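In the form predicted on its own, a lone chain appears below as structure tokens.
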Amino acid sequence: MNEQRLSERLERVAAHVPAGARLADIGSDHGYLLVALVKRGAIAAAVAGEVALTPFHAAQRSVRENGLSQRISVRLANGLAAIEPADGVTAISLCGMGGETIRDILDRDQARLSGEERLILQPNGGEQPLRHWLMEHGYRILGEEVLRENRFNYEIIVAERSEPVRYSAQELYFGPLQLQERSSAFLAKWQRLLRLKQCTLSHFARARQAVPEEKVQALTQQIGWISELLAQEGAKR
């Protein structure tokens, strides 16, 4: 992967960025997403935010070597502190970190959000608490997808501030739009996870030390939800 050829995961993220956006990519690593989008003429300007020195310098190098220093600002900053009001940011991407980490960044740095931005989020796990935060803070989920790359499942969640919205516990767990669409990638993900969760539950039963009852109950509930989902799909065929 480089600025010329993005991974499938980042290509799918790129597809959700509005044309002509002013994009802030938080945790931008080498800055490949921003460089590719600017070179394609897909976005007007960008901010790359990095909290660690090594990826910060890597992003600086990518931007400099592609002659894009006038279009992409690379900043060493924690979370949304990379964004300044003068940037006029219209979209924010946070990719490749845990859903709880993304949630915590959004929660801590709410003052940096105007409420007009599109959020393009690609959590590595922890989707449920992230969706819960979005719901609690008035964001409607406009797009969702699952993809599998290099033996890992990835989810993309796209959200914008809207009228208050309420999602059920199962919608927060599976994703409200994915629960409706039920793509083959989505179903394959949950088939794999069902097997893993069933194994975990059997390990709990054999554990020498007692597992907290609420943990067992939560896992049992999840297994029930996934089994019901897959049974419904099986019945359609």
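Start at 1 and count along the sequence shown; that's the residue number. Being a predicted model, the structure only gives us computed values, none of them experimental.
Just so it is clear, the following notes concern the form predicted together with a small molecule, a form of the same protein that is not shown.
Asker: Does any heavy atom of residue 30 come within 4.5 Å of a heavy atom of the small molecule in the predicted complex?
Answerer: Yes, residue 30 sits close enough to the small molecule in the predicted complex that at least one of its heavy atoms falls within 4.5 Å.
Asker: Could you tell me if residue 113 has a non-hydrogen atom within 4.5 Å of the small molecule in the predicted complex?
Answerer: So residue 113 does not count as contacting the small molecule.
Asker: Mark residue 96 yes when one of its heavy atoms lies within 4.5 Å of a heavy atom of the small molecule in the predicted complex, and no otherwise.
Answerer: Within the cut-off, so yes.
Asker: Using heavy atoms and a 4.5 Å limit, would one call residue 153 a contact residue for the small molecule in the predicted complex?
Answerer: No, no contact at 4.5 Å.
Asker: Can you tell me which of 130 to 138, 161 to 169, 76 to 84, 144 to 152 lies within 4.5 Å of the small molecule in the predicted complex, counting heavy atoms only?
Answerer: Result for this chain: 76 to 84.
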